[in-house]
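In the block that follows, a single chain appears as structure tokens, in the form predicted alone.
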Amino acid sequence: MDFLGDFFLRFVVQFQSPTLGFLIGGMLVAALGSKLKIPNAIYQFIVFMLLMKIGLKGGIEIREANLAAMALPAFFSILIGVLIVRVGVTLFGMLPGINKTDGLATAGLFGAVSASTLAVAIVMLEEEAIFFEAWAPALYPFMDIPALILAIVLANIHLKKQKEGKDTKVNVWQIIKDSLRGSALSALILGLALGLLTNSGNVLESFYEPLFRGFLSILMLIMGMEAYDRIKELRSVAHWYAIYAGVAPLMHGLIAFGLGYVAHLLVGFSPGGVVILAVMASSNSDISGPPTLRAGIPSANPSAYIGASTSVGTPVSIAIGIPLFIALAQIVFGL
């Protein structure tokens, strides 16, 4: 009982983060019928700024990091991305009324990583003074790209089998290139390269760091409003998507937390790094994933995979998942 009581108190404290308040505030504004609109160009600029900051800081840290210590978390990130898609495909295959390509797209989106959710986790860890390796957010593409590629490849194989009745080749390399060219991964990789190869510490500290939390609060407002608007779309498809979106983020995050704990025991992966890994696994891509899947699986219904992600998955991951994993780390690691 003492363990559960302590866990609940820690969880409630995490849930009171002001960052989450902006997400909930955006949902309330939309629910009340407000005409407030934030232009998409501003949204894209904010996302670019957040990812550049994460990439720059990660690149600077990688220069001084023990690459051997990164190897196991990077491998686990790949494994988690692939595992999430495989588990999602299996679950959707067992449910009635689910179109296979829609299920594959949904599993791919939930296997990919949300840059905004990752940014929220970074802020909350810093607020709690929980250390994490600055290169930990750079694990993002190790999980994101394999998940998207696997979902698209499986969907294309399925569709070609239906059409031609036999196995045909899928251009995997083209899918990889399209994923790497996506706006989110391009910004993150650019930031990593600049942080790794240039003396960018001053611009990080004087420009990107001071703006980070303010931009994040605006992003949370936008995501809250979009989450509420997407609920209407989700109602038009099978309710199984909403159930999956409510449960999957926490299930995925707990799997990653367990693997992160193994990395902690074997290579000293920090408690904050374990939380970062769990949050990435629990998140579902809101930037790079949707356009990649739209192009890679054009026959899939966006109301299913984007509706499930935006209206249910992302709020669950941010409002419940992040506080849960931080509180769990505080208990497990005695922080």
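Numbering starts at 1 and follows the sequence shown. Please read these numbers as outputs of a predicted model, since none were measured by experiment.
Not pictured, yet referred to below: the form predicted in complex with a further copy of the same chain.
Exactly one of the stretches 243 to 251, 215 to 223, 147 to 155, 77 to 85 approaches a further copy of the same chain in the predicted bound form with heavy atoms within 4.5 Å, and it is 215 to 223. Among residues of the shown chain, residue 97 is not one whose heavy atoms approach a further copy of the same chain to within 4.5 Å in the predicted bound form.
Not displayed here, a further copy of the same chain is approached by residue 208 to within 4.5 Å at the level of heavy atoms in the predicted bound form.
Contact check for residue 90: every heavy atom lies farther than 4.5 Å from a further copy of the same chain in the predicted bound form. Although the partner is absent here, residue 62 sits far enough away that none of its heavy atoms falls within 4.5 Å of a further copy of the same chain in the predicted bound form.
Interface residues of 191 to 209, taken as those with a heavy atom within 4.5 Å of a further copy of the same chain in the predicted bound form (partner not displayed): 194, 197, 198, 199, 200, 202, 203, 206, 207, 208, in sequence order.
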